[in-house]
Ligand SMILES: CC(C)(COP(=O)(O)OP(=O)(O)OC[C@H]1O[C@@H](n2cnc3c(N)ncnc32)[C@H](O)[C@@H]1OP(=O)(O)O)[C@@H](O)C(=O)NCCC(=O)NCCS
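A single chain comes next, written as structure tokens; it is the form predicted on its own.
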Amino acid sequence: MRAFPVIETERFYLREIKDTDVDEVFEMRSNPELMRFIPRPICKLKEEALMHIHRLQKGFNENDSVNWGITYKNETKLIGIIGYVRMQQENYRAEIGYILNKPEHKKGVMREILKPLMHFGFAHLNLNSIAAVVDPANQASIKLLQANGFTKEGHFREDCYFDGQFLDSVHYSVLKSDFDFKPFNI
């Protein structure tokens, strides 16, 4: 991809994450409640959030990942991040990950944007499968994935070591052949 792809839904824009989004990224990545299911260090300084933005930008520039900032249409404030990480081009597979700021929970944000993002992955990134790795206690995320056609591949016991403890993970995926292609504005 040369130009950063913008995805539009009825209520949202998925756009490139910029340095000017540092306050919103810091707000999400420094919130222990939001980060409780994401085995990554919590940001303690805005500089760490800026470094995270730079990692996301570098991933796109090197074709290793693509992450979008989620905004309401006609607004610039970032309310979440969603994207493809751990892209395995040789296997036509990528893992999807997301975080949504607390005030936006239970408003149907992820329900509205996940299908168009899957469409982009299958149609434009030429993926055959999209994976998701979740904490088994993250029932909201599991329900979202299942509602969007993801199938449980397995429950891996203590396969992740983070912050001094071993954590379980549950792996889900959806195949291109299972996806119902509908037109989206991409």
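Just so we're clear, the structure is a prediction, and the values are computed from it rather than from any experiment. Start at 1 and count along the sequence shown; that's the residue number.
Below: the form predicted in complex with this ligand, not depicted.
- Contact here is defined as any heavy atom lying within 4.5 Å of this ligand in the model of the complex, and by that definition not a single one of 9, 78 and 117 is a contact residue.
- Though the partner is left out of this view, residue 140 does reach within 4.5 Å of this ligand in the model of the complex, counting heavy atoms only.
- Although the partner is absent from this view, residue 92 stays clear of this ligand in the model of the complex, with no non-hydrogen atom inside 4.5 angstroms.
- Though the partner is left out of this view, residue 73 does not reach within 4.5 Å of this ligand in the model of the complex, counting heavy atoms only.
- A residue is said to contact a partner when one of its heavy atoms sits within 4.5 Å of a partner heavy atom; residue 38 meets this definition for this ligand in the model of the complex.
- The candidate stretches are 156 to 164, 50 to 58, 123 to 131, 29 to 37, and the one lying within 4.5 Å of this ligand in the model of the complex by heavy atoms is 29 to 37.
- Within 4.5 angstroms of this ligand in the model of the complex, the stretch 105 to 144 places a non-hydrogen atom from each of 105, 106, 107, 108, 109, 110, 111, 133, 134, 138, 139, 140, 141, 143, 144, taken in sequence order.
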